[in-house]
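Next up is one chain by itself, shown in structure tokens, the form predicted on its own.
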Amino acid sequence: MSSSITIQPNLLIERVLTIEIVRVTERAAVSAARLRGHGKSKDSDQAAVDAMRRELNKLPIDGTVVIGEGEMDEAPMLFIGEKVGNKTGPKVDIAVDPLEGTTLCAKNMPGAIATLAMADAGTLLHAPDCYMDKIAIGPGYPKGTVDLDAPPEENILNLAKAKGVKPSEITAILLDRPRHADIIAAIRKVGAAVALISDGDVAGVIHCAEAKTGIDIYLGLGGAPEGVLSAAALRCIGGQMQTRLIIDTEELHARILTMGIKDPKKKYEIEDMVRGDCLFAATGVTTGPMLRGVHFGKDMIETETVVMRSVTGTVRRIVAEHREFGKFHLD
């Protein structure tokens, strides 16, 4: 007598993602880490992309990349619309940034990560690789505490009030870019502190939800792919986020129409960018506040990864020792 087991789609997603996507980000991180400090941003990005693509294609999924990386910078990419997986499992949407912080990796500076999010098909925002205006805070605040359309100083004051502290006890994190000069001035005018990062706004948003970082709010323009990945992480661990795509060329306007985006000025909440169950994983490339970087030992490679699931709110930190040294060389 034969028997069969029916697995609900969300359980299958969990089984695939919880361990299998960790392997994907681990391989991408190790490949990029081999070029840490070599000053070769595109080469390290290409290495991470190649490794991530190779590992994704081993997974029992029928996946579509809906958030790719690299278009804006003409870097190597897992392109939007690319099919991945061996087609034997569930249909899923995938968002990737195989190497967030290419400059950080090239200069061997803190905070470079390999990251990926996966969700049921049709539940991740399809967006081009353009700029995105963002605001994010951690969990525990009333809905509407901050608003993307409010002035920065108003958001700082409202957040301080909701937190029960003075504005001087609020720290905002932003990318260190000339375009943010006015926002930085407004934040400092009300007495709040500013933490500037050279790259890595996925980690920057996640820092808002981590008490140990001392970061309270993320503000400013960054990449749209990073925005969707950040939203996936916050959907897992809690927090608020609002975004808006910056559609400032006719080419981008035509592109979003093909992606099904009808309103270029729409303000997105987390639930608009990531619906249903999703998982998020990130592996450290260079050691930073969130994750330790890849360590190359004599007989093993060590990695640290965080993997999260939205439906349970589970956050796992996986410190792995890879003794398959030759196999892990990814040749």
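Sequential numbering from 1, following the sequence displayed. Computed from a predicted model, the values in this text were never measured in an experiment.
FYI, the form predicted in complex with a small molecule isn't displayed, but the following is about it.
Choose from 176-184, 255-263, 208-216, 81-89 the stretch whose residues reach within 4.5 Å of the small molecule in the predicted complex, heavy atoms counted.
Stretch 176-184 is the one.
Name the residue from Gly239, Pro128, Gly222, Pro152 that puts a heavy atom within 4.5 Å of the small molecule in the predicted complex.
Going through each option in turn, the one that passes is Gly222.
May I ask you to state whether Asp93 is within 4.5 Å of the small molecule in the predicted complex, using heavy atom distances?
Looking in the predicted complex, residue contacts with the small molecule do not include Asp93, since no heavy atom lies within 4.5 Å.
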